[in-house]
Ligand SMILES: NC(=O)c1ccc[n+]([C@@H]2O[C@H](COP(=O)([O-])OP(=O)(O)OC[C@H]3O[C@@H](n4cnc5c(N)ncnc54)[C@H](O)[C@@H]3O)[C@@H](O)[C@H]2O)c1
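Before any questions on how it binds or moves, here is one chain, the form predicted on its own, in structure tokens.
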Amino acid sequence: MKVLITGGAGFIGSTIASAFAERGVTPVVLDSLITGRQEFAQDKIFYQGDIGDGPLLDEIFARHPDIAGVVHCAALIVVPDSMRDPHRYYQVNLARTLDLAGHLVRNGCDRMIFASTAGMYRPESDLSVTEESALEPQNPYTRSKMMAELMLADFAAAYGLRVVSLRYLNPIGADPRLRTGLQNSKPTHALGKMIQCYEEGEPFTITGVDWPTRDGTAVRDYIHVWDIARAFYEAFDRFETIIPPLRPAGEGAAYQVVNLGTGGGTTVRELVGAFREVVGEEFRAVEAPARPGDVVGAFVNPDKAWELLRWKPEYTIGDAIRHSLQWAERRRELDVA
């Protein structure tokens, strides 16, 4: 059995590919390599190209008729970039997903697991989000993902494409076996900044200390990338239970949303404390007012993931920090080689 993974040479897609391979499902990777790294797919069946390339998709399905479904990870995901260039984000995340969905339907592939974002929700008063929370995307990136999901839901209703959308917030860490990790040597999320400050001997700046959270600092739902990869496999393995292929007309949705998260999130102060536990108490942090555009954050209620996927995160924040530090060293070795 095989699975087609779009964006399978990127951070999350490559980790998902490894998780599937370890469980006996052969990944077929399709990646444009605009942001992915070819070495992340070096031991996989690999096609370099665009997800909107119909003849290429036809060739892949003709050569691999045992592809049982698609994990769609190919996307642009950097929020500030989406603000500067929304056209590119809608073109890649929405228009190319529309093209891909059409190619899947034409080739008789009716199973997709869509890598999405819980950043499209409006948080509840306690900063949690559930699958029932109102949608209120705040930037072109999250809007492009929401619009892609609306389109996929229409495809599910009209053409028989069955879609499970997995929404999550802040993936961190690396493949525990250090086969893959973040491509960017200077990631912009808080943990990436901490690692950079630690390596340069500079203090990390906590921006905003009077948010309405348990310690005054912003909250993020950090989740280890291997836990995310496990969830994608579980969704694939349980797909026929989540969305049965034969349903009487009008009964049961061919499109399901499942949130992935920790159920409580991690504040910036807590992340600093976990980082110190890994690297030592000498790691310094200073406080500063919140910057324009900073937000208090949110965390995901993962009850539905437990119910449908029998999935919960297994790795801790400390594990993710250790794996991120180990991957930073490994990435330097790869870049020099």
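From 1 onward, residues are counted along the sequence shown. Note that the structure is predicted; figures quoted are calculated from it, not measured.
Another form, the form predicted together with this ligand, is not on view; read the next lines as being about it.
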Checklist entry - in the predicted complex, which of 45 to 53, 303 to 311, 283 to 291, 265 to 273 comes within 4.5 Å of this ligand (heavy atoms)? => result 45 to 53
Next on the checklist: By the heavy atom within 4.5 Å rule, which residue out of 162, 230, 145, 224 makes contact with this ligand in the predicted complex?
Outcome noted: 145
Checklist entry - Exactly one of 36, 297, 27, 69 has a non-hydrogen atom within 4.5 Å of this ligand in the predicted complex; which residue is it? => result 36
Item to check | Partner proximity in the predicted complex: residue 9 to this ligand, non-hydrogen atom cutoff 4.5 Å | outcome: yes
Checklist entry - Does this ligand come within 4.5 Å of any heavy atom of residue 236 in the predicted complex? => result no
Checklist entry - Is there a heavy atom of residue 109 lying 4.5 Å or less from a heavy atom of this ligand in the predicted complex? => result no
Checklist entry - Though only this chain appears here, would residue 196 touch this ligand in the predicted complex if you measure heavy atom gaps against 4.5 Å? => result no
Item to check | Full three-residue contact with this ligand in the predicted complex, heavy atom 4.5 Å, for 13, 32 and 117 | outcome: yes
